[in-house]
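Heads up, the chain shows up twice below as structure tokens, two forms, tagged structure 1 and structure 2.
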Structure 1
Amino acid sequence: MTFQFLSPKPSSYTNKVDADGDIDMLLKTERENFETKVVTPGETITHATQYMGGHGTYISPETNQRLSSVAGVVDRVNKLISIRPLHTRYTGEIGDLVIGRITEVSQKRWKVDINSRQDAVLLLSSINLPGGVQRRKTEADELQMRKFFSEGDLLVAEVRETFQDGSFSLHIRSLKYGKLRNGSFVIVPPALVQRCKTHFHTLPCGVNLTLGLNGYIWVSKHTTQTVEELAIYSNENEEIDQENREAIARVCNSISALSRHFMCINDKMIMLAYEASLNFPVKDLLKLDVMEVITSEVSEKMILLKAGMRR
């Protein structure tokens, strides 16, 4: 008896598989209703009632249609529809790396501005004391809180907890986190910064880069010393020579150029922008036409890189 092996039939759905390996179960016509659709507040997203509504949507009480409540792109995961606004405040998740600025010192806690709807809190109990000792924080520590962080200080921290009212609790219980020194601060829209394995980078041009998921970015001088050797809460900046200063400024301006043209921001993109910017002096980088030249060069390179990867 002979066996015949049949090749598996292609499924009746002409479906895409996303990054997690989930198969899209929608029919093609249904899917086209949503793909890269841009909506404005009050616009009907769908008449069908089978979908679940996520952020940025609401149901009209009169017509039972699902309407959008923000301006942005429609994001659909299977049956869940949400609208992603491109220009909005940061909404965090536990474990996110953020950069913030101290706005207030109060009892046992600091208030930190992290570009979200509410200021985040950093509890005295969720910081490491200088010297790395683990112990209960005493009243004496409470009295000298300004020695650790005072108003206006920048810090890098991790989101420890999120609350109902949209505020966060942060922690810096790791030597990676702490006060920021020796560098320059850039703000970009939070939507542009992608979640990566690491948000601490050392660029080949000798510059340290910390990408906060809240759209705050810290560009600083590269130091070889380990953090333990430094006083963690020191306010003193080190000597930065002319060359380093220029590199930092160039990276900052490259990031501003990317953000102005709404291109996503990660270490690779910043490096491409940095290389493209080398033809111009640093002070020209903030001119609109120069920004355009740089970003168009970056997008060309990205297309080439993508094509190369496919091959």
Structure 2
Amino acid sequence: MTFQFLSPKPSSYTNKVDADGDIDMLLKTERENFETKVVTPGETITHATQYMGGHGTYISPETNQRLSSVAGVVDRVNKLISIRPLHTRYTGEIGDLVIGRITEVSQKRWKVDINSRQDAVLLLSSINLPGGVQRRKTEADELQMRKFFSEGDLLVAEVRETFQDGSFSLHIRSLKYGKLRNGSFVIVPPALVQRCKTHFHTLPCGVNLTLGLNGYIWVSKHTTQTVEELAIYSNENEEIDQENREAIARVCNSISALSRHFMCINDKMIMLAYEASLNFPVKDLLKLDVMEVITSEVSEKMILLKAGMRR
């Protein structure tokens, strides 16, 4: 008697393992439907009945399907589905990377605009001293607070704590955080910015990209200097040549095109939009018809990429 061993059938589950070691048993088709999906009011989110509804969802009494009550991005945590509205203030979580602008210098703290309902607070004790010196902050440091950050300065920080009134406490105790220079500032709806493993990217076009989860994005010149060599509280911008200026402007305009057409924003989407924009001069990228061409090409490429991944 001969035995024939058949190869196992390909699993229809994603089998992704998270940081806690839990296996995600969501079907591949369901995973693709939930990721980067923008819905409008009344649109069907899912036909499955095992999901719990969060903010922005309701069940249709006629079809028993879960529908969206607002326009936004589908957000799924295990079996809980909610909608993040497109036009809303930033409501963050501990550990979020945000970009903000200093609005006020007060006693032992700065107030920072991070696109939320209230200004966030950055305490003097939550920053790194020049040179990375680790010591308690003194009265002399308090008198020199404007040498660290003054009104109008842009910075990248991490959410340290959230409060019930909707405000946040920030910190920049890592050398990768600090004052932003040598670049351009872009504002998009916070719901469009995707959460990634890292929000610091160096794009193939030669520019640095910092994606703030609060909808503030910073596009800057790429530097080969190490973090220790940089003056983290300096206000002087470096010399930027014409080629880098055009690359920064093209990336910024590509982000604006994605935002205008409510497309999710991450480093891959930005690079697809950047490549599609190379057929046009930088000054024409903010024209509505050019934006339509760029975003249509990005959508077609994403469809092809998803089709290739299914195979």
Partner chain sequence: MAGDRRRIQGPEVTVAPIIIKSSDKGKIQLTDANGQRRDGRNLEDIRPIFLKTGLISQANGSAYIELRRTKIACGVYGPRQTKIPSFSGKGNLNCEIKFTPFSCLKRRQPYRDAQEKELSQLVFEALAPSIRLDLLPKSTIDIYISVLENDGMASCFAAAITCASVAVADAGIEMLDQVAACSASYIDGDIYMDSDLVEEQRESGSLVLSYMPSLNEVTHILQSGEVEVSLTTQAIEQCTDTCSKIYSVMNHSLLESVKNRIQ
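If you superpose the two forms and keep the largest set of C-alpha atoms that fall within 1.5 Å, you have the rigid core. Residue 1 is the first residue of structure 1, and the numbers go on in sequence order from there. Please read these numbers as outputs of a predicted model, since none were measured by experiment.
Mind telling me which structure is the form predicted alone? Only structure 2 matches the form predicted alone.
For Val159, is the C-alpha shift between the two structures 2 Å or more after core superposition? Not so; Val159 is displaced by less than 2 Å.
Honestly, after the rigid core fit, is Asn266 moving at least 2 Å at Cα between the two structures? After core superposition, the C-alpha of Asn266 moves less than 2 Å between the two structures.
When C-alpha atoms are superposed, by how many degrees is the smaller rigid part rotated relative to the larger between the two structures? The answer is a rotation of 53 degrees for the smaller part.
After superposing on the rigid core, how many Å does the CA of Ser82 move between the two structures? Rounded to one decimal, the shift is 4.9 Å.
Superpose the two forms on the rigid core, then give the C-alpha shift of His47 between the two structures in Å. After core superposition, the C-alpha of His47 moves 17.9 Å between the two structures.
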